[in-house]
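Taking the form predicted on its own, here's one chain by itself in structure tokens.
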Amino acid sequence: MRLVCFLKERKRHPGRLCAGCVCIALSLVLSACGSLVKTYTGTDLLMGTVLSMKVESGDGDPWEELTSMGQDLETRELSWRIEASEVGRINASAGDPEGLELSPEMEEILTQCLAVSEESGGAFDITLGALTQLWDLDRAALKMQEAGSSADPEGFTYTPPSDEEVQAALARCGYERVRIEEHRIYLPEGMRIDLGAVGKGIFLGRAAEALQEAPISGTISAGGSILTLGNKNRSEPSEPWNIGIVDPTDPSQLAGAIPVPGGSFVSTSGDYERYVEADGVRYHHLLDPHTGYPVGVKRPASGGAEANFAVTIVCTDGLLSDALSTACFVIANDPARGPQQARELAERFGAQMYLVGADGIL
């Protein structure tokens, strides 16, 4: 879901489905030990989404460092599509009784993810790789957008997987079957890790660490995740940033804005941006780990429905903000659990949760 600053209209990245296109309006004054303060901006495609930055700094332009960091993170650690990455090697080890030794960074990532899985009752699950690859909704959504803007009269047709295929893939998932012992990970045969739900938050967390000593103030966004840095207003240090949230019932409008202090991570999960439609059913990229289908879609015969709520999480940890936004989205839209249980989950991790629906931000 796209996050935008409340005071300035969004921009769309041309020719690309934007899961989190963010346009940031900043008004900052910064003095850094006599250094010349300049405004630095940047926008590029990174980690399968749009990376956007607007900061004021007395310590030079951080853009090159940020993009290099993101490329390294994707290729060396997080991408399941790259066999040589650590996640690629973890997936290749599935079924190996020897398991695979983890780097300290990856062990910390996986341990934190599994903790959210446990606390959420499986609403968040990093072992859905077999399902995400089966649905392939990110690529399908991009192809549908490209077909819609082409002269091809046939366009692009999406065929969802059969229920038998979904159930077969779902049988290869399950966070409770992951074992981490003595810094090694053990996966059952056929299981695939997919860290796409938390990759942007991990990146922003690394960015915050790299820039923590720099005299810098501004905002960095990666898809539906955003990091606030420093103070919005030098004369009023306690004044929060205003982060505008797109209305999921009408993506051309804002539902409102939420106050966010500097040093925060904001993540939003919604069903209205990365999706395809087939036979009147919207198939979006947020899968329910319990059913194997996108949230709100139960079975092909029963059709589907849009989610009632999008969810925004604000906290002080990038990975956690991403993981909780996904988990709370699943829980809030589950008739058996609902928004109150989603809010309780966020509070257990010290995070703030905002529901975004037809009635605005709750």
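Since the structure is predicted, the reported quantities are computational estimates derived from the model, not experimental observations. Sequential numbering from 1, following the sequence displayed.
The form predicted in complex with adenosine monophosphate (AMP) is left out here; the points below concern that form.
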Residue within 4.5 Å of adenosine monophosphate (AMP) in the predicted bound form by heavy atom, from G196, G88, P161, P240, is G196
Checking K143, H285, R282, R206 against adenosine monophosphate (AMP) in the predicted bound form, the residue with a non-hydrogen atom inside 4.5 angstroms turns out to be H285
Consider V297 of the chain shown here, and say whether it contacts adenosine monophosphate (AMP) in the predicted bound form, taking contact as heavy atoms within 4.5 Å. no
Using 4.5 Å between non-hydrogen atoms, is S217 touching adenosine monophosphate (AMP) in the predicted bound form? no
Using a 4.5 angstroms cut-off on non-hydrogen atoms, would T228 count as touching adenosine monophosphate (AMP) in the predicted bound form? no
Counting only non-hydrogen atoms and a 4.5 angstroms cut-off, does G244 reach adenosine monophosphate (AMP) in the predicted bound form? no
Proximity to adenosine monophosphate (AMP) in the predicted bound form (heavy atom, within 4.5 Å), stretch among 68-76, 183-191, 131-139, 251-259: 131-139
